[in-house]
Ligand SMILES: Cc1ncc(COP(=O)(O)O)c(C=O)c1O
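Shown here is one chain on its own, the form predicted alone, set out as structure tokens.
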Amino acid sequence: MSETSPKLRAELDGVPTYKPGRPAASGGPLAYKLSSNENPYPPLPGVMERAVSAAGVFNRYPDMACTGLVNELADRFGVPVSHLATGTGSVGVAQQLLQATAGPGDEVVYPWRSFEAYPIITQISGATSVKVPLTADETHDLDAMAGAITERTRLIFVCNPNNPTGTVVRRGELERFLDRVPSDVLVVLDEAYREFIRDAEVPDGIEIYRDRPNVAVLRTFSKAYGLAGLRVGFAIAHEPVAAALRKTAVPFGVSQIAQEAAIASLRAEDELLGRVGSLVGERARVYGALVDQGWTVPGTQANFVWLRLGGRTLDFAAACEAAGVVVRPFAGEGVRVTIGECEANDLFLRAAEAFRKEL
């Protein structure tokens, strides 16, 4: 037997592994998972029924064009069908964008820390990551990001709200930044947490995209809509970019169950708004309690809070787990904590208060 292994792409050497939020341990004491920014509510009204109906025919391939869902999205957001593309969550669409725009010798600019999939999908594409550190107040440094653009830059991610810090880019600074970006560089507004924003100064990326051909907007059904397990997201972009996304999509990647569940979720908007409103209320309660405890917490417009803990990060995560909540640590940096059920948030706040007294 030959000892030679198949030749693989050198770009894959050292690709970091995506680290999902740890689940709560099964079989032990009651524990809550606050590590993956999931929606704690069950599917919206009508979603389960439509998904179950679709499951009855999963011996057949799904509609590869996601026709029903795309038409629903076009109506919902007032955009042409030709400006829409779907994928397996917004991260799947982001990877399609990299496949369509960047390869060896190209550069991709994004803030750091930000969504941990960015360096992974960039390296897989063969492109080079250009990580621009956040400012001292945990926000995008748009001036530095603009200054990092070179003739090799092909794509820029703006994560708004930013994951894991929850901070936002407001309209004026975003528009000034976009004015500085060359027209042949694609700017991707990653708005996975758009529904949780309450700051009126944060623009809707879909309004920004309308008169800027080099802007694409990412959205997902995983967070506010509560379909994380079904993997369905979409992009809104001008036709050349959207067409490229459709070319790079995995055939039949979005299941029919996911498509039907997403359609039903879009039609349950009143219930969605109520649930999101409740989570935003809990976010304010958790944020206020942490500030009262003495923590420095960046203002958040997402469904999570961020605590920069440096070398105490893993200790804090362990203390939370001992108290019955699993959070998402980024070793040496900080902890992201999802806003979950009231009971889970209370357990987290008690753990945070106790840990704070030990500092």
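What you are looking at is a predicted structure, and each value in this text was computed from that prediction instead of being measured. In this text, residue numbers run from 1 along the sequence as written.
Although it is not shown, the form predicted in complex with the ligand is what the next lines describe.
- Contact here is defined as any heavy atom lying within 4.5 Å of the ligand in the predicted bound form, and by that definition not a single one of Asn39, Glu195 and Tyr225 is a contact residue.
- At the 4.5 Å threshold, heavy atoms of Arg231 reach the ligand in the predicted bound form.
- Contact annotation for Pro111: none of its heavy atoms lies within 4.5 Å of the ligand in the predicted bound form.
- By the criterion of a heavy atom within 4.5 Å, Thr167 is excluded from the residues contacting the ligand in the predicted bound form.
- Tyr209 falls outside the set of residues with a heavy atom inside 4.5 Å of the ligand in the predicted bound form.
- Proximity to the ligand in the predicted bound form, defined as a heavy atom within 4.5 Å, holds among Ser265, Thr86, Thr122, Thr220 only for Thr220.
- Just one of Leu97, Cys159, Ala258, Ala235 comes within 4.5 Å of the ligand in the predicted bound form, counting any heavy atom, and that one is Cys159.
- Stretch-level contact check against the ligand in the predicted bound form with heavy atoms at 4.5 Å: of 241 to 249, 272 to 280, 134 to 142, 186 to 194, the positive one is 186 to 194.
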